[in-house]
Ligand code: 16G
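Have a look below at one chain only, the form predicted alone, in structure tokens format.
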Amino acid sequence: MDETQIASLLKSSDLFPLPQSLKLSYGTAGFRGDATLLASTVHRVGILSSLRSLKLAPSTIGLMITASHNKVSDNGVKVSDPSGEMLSQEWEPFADQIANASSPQKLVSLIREFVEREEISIGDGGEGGEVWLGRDSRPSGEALLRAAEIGVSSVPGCVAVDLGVLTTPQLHWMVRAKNKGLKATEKAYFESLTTSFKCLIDLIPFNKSSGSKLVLDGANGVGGEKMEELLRGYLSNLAIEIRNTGRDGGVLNESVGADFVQKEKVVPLGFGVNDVGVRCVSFDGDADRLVYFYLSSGEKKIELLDGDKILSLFALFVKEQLNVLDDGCCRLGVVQTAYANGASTDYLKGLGLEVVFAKTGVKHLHEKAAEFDVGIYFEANGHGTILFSEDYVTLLVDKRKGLSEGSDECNAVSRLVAVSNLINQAVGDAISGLLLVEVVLRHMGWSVQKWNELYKDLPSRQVKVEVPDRTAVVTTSEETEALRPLGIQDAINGEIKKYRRGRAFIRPSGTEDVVRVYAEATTQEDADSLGDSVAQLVKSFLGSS
């Protein structure tokens, strides 16, 4: 880096001083926190995004301003790699370092060292860098996006492209499309979803119906707004009633949205006794998660169809198509975390599916799912997708050429290809997920109640135990068993044996000195008891703070 380049970085960094005592860590969700404290962080991630683009030139990088399901006063920033996937984990330590650099001079020193180590060429007449910026509908988003823009532009040869208000999955999809040389506009995103959705609807036998209307809880966020655009301009014949759009004074993620519904298991604001039996769905604030639900009575309690149920529905549908092909050339896999309800795992294994576990966090599930020809992953919170390897999609397209149009085999191939285009290959996407759920329910001729009968969730309990040092707990890569402290897993196993269909595990938090306990059993009383006894084991082995 020459003096001009250093001066450019110093000048822009002086505009965004680091707030005192701010300490952030880049995780699956990027950086998140109080929006009023994040300008320096977002600015620095803008610099990082430019460096990433130059490192991988000629590739476009994505930068999204969002705090997803967090409260409206929060915001955050995350980076999309050229594939549309999350920022490479190899760059996360650098993100932490520059976000927490105490001064512009320290920041530039870290950048200079990193640029030399990674051999990144800046402003030498080679390929320039390009960063696409998006933001959700939070009031703080526009100012933070300007900070990101200044950060990107402070790296000579790099340009920022403001794409405006988007869902997080839209930005990831567009970055992926851009780097694949495809049309990469919001219009192209909507058209891709529309074309594949209509193809799947046309392939449904006997024009089956999935029953009642669908009502969407938009979490007062960007997802409801974008769903309205899709219905207005592309799928006008799809009957969806949208509530909690944010226009009626509702607050983003406040007693609404997928995170609230999944955790509290009660109806969001705007839903009540008149919705008994109606098929309902909730997005989170930036529309990368969804959960379905329905009221079985006039009370606030709901029947929840979470990410595990969505995964099971998708797996059943994909397996049905593969069974028609019966050529044995596709390796289908399902990826879950240890938090997946044991009843869902038993159901999936009962279908004859290969079920594997990954560490908590969608970046770990995504990586594992990519090892299959078709890999399906969902967390219980409703974040997930289906990954199709490019080689397998090419094989399907070639195979279709030799099949008789209208035959069962041809229809199965066409469905799989359409699913690969409908479902977001880059990241969990509530809009594309909703469309696929609606297609599959109609294909099966199922109501939401019939879908819910696939299996009955085992009662579960989660406990958080404060400890002096969470790093004393070391688990297997799947987080299903504890390797340290020595003896604790044997003690946990001893407790598990006391309960019918008992299962429990512990894992250290990634951000605070607590150990998380998960337990399940055939009754809620047993799940509570098992959770409490394992929590006591954690305290006795590690002490409590």
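One-based numbering along the sequence shown. None of these values were measured; they are calculated from a predicted model.
This next part talks about the form predicted together with the ligand, which is not shown.
Novice: Out of 109, 88, 73, 360, which one falls within 4.5 Å of the ligand in the predicted complex, going by heavy atoms?
Specialist: Contact check passes for 360.
Novice: Just to be sure I understand the contacts: of 381, 414, 425, 312, which is the one whose heavy atoms reach within 4.5 angstroms of the ligand in the predicted complex?
Specialist: Residue within 4.5 Å of the partner: 381.
Novice: Which one of these stretches, 493-501, 25-33, 45-53, 480-488, sits within 4.5 Å of the ligand in the predicted complex when only heavy atoms are counted?
Specialist: It is the stretch 25-33.
Novice: Would you please decide whether residue 58 lies within 4.5 angstroms of the ligand in the predicted complex, comparing each non-hydrogen atom pair?
Specialist: Answer no; every heavy atom of residue 58 is more than 4.5 Å from the ligand in the predicted complex.
Novice: In the predicted complex, does residue 138 have a heavy atom within 4.5 Å of the ligand?
Specialist: Output for residue 138 is no: heavy atoms all beyond 4.5 Å of the ligand.
Novice: Does at least one non-hydrogen atom of residue 509 fall within 4.5 angstroms of the ligand in the predicted complex?
Specialist: Flag for residue 509 set to yes.
Novice: If you apply a 4.5 angstroms heavy atom cut-off, which residues in 400-414 are near the ligand in the predicted complex?
Specialist: Stretch hits: zero.
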